[in-house]
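A single chain comes next, written as structure tokens; it is the form predicted alone.
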């Protein structure tokens, strides 16, 4: 890897770690540059601002996560197994790359202001799963977006509770219980 690419990677890792620890607003560009062992000028060669860097990190990591998720979902044939695959993907990510998963979870509302219309999110995918399940008669007739909000909330609150120390168990052990609970909320 070339030196600029390595330095950019260092900036990404330092920024994501600091954004998780201190929040985007609570982190300075100087802190990011120091943690990355780079000059602030180096950082600004790649990004217009700290907010631009935060958006880039969010978009790049969420896009990669969604591509992998969609690949996993394509292997499933029912709404319940797709929801389980979604829970599994989230919880495995949390336990294997906690910094990145925490960044996506904790920064969503800050960087969401930059999402263009039509931006794909896990919620978008979930609405599609729910609508398919409704068409197949497996999921109740309530508004699909309301169901998606309920399901996303149930799935993502678990890792957030773990971030704050309210849950200590490895989330991979909770995939089936969470899936079963979520399914009971929406199944016919």
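Positions refer to the first chain, counted from 1. Everything quoted here is computed from the prediction, not taken from an experiment.
Another form exists, predicted in complex with a further copy of the same chain; not displayed. Remarks below refer to it.
*Asks:* Whether 146, 149 and 161 jointly form a contact site for a further copy of the same chain in the predicted complex is the question; each needs a heavy atom within 4.5 Å.
*Replies:* Yes, the whole candidate spot contacts a further copy of the same chain.
*Asks:* Verify the contact flag for residue 174: yes if a non-hydrogen atom of it lies within 4.5 Å of a non-hydrogen atom of a further copy of the same chain in the predicted complex, no if not.
*Replies:* Taking the distances in the predicted complex, the answer for residue 174 is yes, it comes within 4.5 Å of a further copy of the same chain.
*Asks:* Looking at the partner-bound form in the predicted complex, is residue 9 within 4.5 Å of a further copy of the same chain by any heavy atom?
*Replies:* Close contact is absent here: in the predicted complex, residue 9 is far from a further copy of the same chain, nothing within 4.5 Å, heavy atoms only.
*Asks:* Do residue 115 and a further copy of the same chain share at least one heavy atom pair within 4.5 Å in the predicted complex?
*Replies:* Residue 115: contacts a further copy of the same chain in the predicted complex.
*Asks:* Taking the shortest heavy atom distance, is residue 108 within 4.5 Å of a further copy of the same chain in the predicted complex?
*Replies:* Within the cut-off, so yes.
*Asks:* Output the sequence-ordered list of residues from 163-184 with at least one heavy atom within 4.5 Å of a further copy of the same chain in the predicted complex.
*Replies:* Going through 163-184 in order - heavy atoms within 4.5 Å of a further copy of the same chain in the predicted complex - the hits are 164, 166, 167, 174, 177, 178, 181, 182, 184.
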